[in-house]
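Just the one chain here, laid out as structure tokens, in the form predicted alone.
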């Protein structure tokens, strides 16, 4: 079983409009609602790849009911969310059909009490006993300590469970020191963590800070990985245009699935890159078309940085 943690779950709402213009009234052409948050998106992709997945985190209020209802309809995903008194947040994505651009509005999330945080940690520890790997994903809701991910990384390591971390800012900085097995920052998050803007230098520095492996998401340029086994770049076969929402989560799913299947790093990176690209071409986050994914996978180029040096 793969465990995904989304402390700040969401009900994702996607509006499509013909053309998004500031200070104007828009007629929405299509509305989609589905369970969201980074770890939930990761779980959905993992399940589509055939893995058994359990989702945990916080859920509450009317939007929380919508999240749980959506998860109950997701094949292969088990709901182990922890109920809280506050309401689960909503995230609003507005897709401009003319340009393909997406505008994102993210609510902060419910205030988590100390008792609710303690209850989650107990559930998390119990779930780790059956986990082959765990992903810690996304932002922290109000009330959760900024060092929360560092503690969750240490708990997973003590249980012998490999952990992938996908977050940003101060929670990332603190958690890296706890030595997660993999971190997956994007270019901006990596620069914020290390102060370096050159991707290879920044990725190497992030690894020196404690992460065992660093996989940097470089947008249309694919992925850059620095690990104990080597350094690689993975690039999609072409620059793609579409909705990037959820593409990083699909990359996380590719990395995690490759980890539990014991694939070599180049194969993990190729899978993660193809899944990310296939998600860009799909209007709704956390989904991919399998045929498109397989076609992209055949064209992903993975090169060794060591060989190129």
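Positions refer to the first chain, counted from 1. Throughout, rigid core stands for the largest set of C-alpha atoms superposing within 1.5 Å between the two forms. Keep in mind that what you see is a predicted model, and the values were worked out from it rather than measured.
If you look for the form predicted in complex with another copy of the chain, you will not find it shown, but the lines that follow are about it.
Interface membership of residue 90, defined by any non-hydrogen atom within 4.5 Å of another copy of the chain in the predicted bound form, is confirmed. In the predicted bound form, at least one heavy atom of residue 101 sits within 4.5 Å of a heavy atom of another copy of the chain. Residue 94 belongs to the set of residues with a heavy atom inside 4.5 Å of another copy of the chain in the predicted bound form. Put simply, residue 113 is far from another copy of the chain in the predicted bound form: not one heavy atom of it is within 4.5 Å. Interface residue among 205, 181, 189, 107 relative to another copy of the chain in the predicted bound form, by the heavy atom within 4.5 Å criterion: 107.
Residues within 4.5 angstroms of another copy of the chain in the predicted bound form, judged by any non-hydrogen atom, belong to 23-31 and to none of the other stretches in 270-278, 23-31, 50-58, 247-255. If you take 187-223 and check each residue for a heavy atom within 4.5 Å of another copy of the chain in the predicted bound form, you get nothing at all.
Superposition of the core reveals a Cα shift of less than 2 Å for residue 69 between the shown form and the other one. Annotation: Cα of residue 260 displaced by less than 2 Å between the shown form and the other one, core superposition. Remark: with the core as the superposition reference, the CA shift of residue 17 between the shown form and the other one reaches 2 Å or more.
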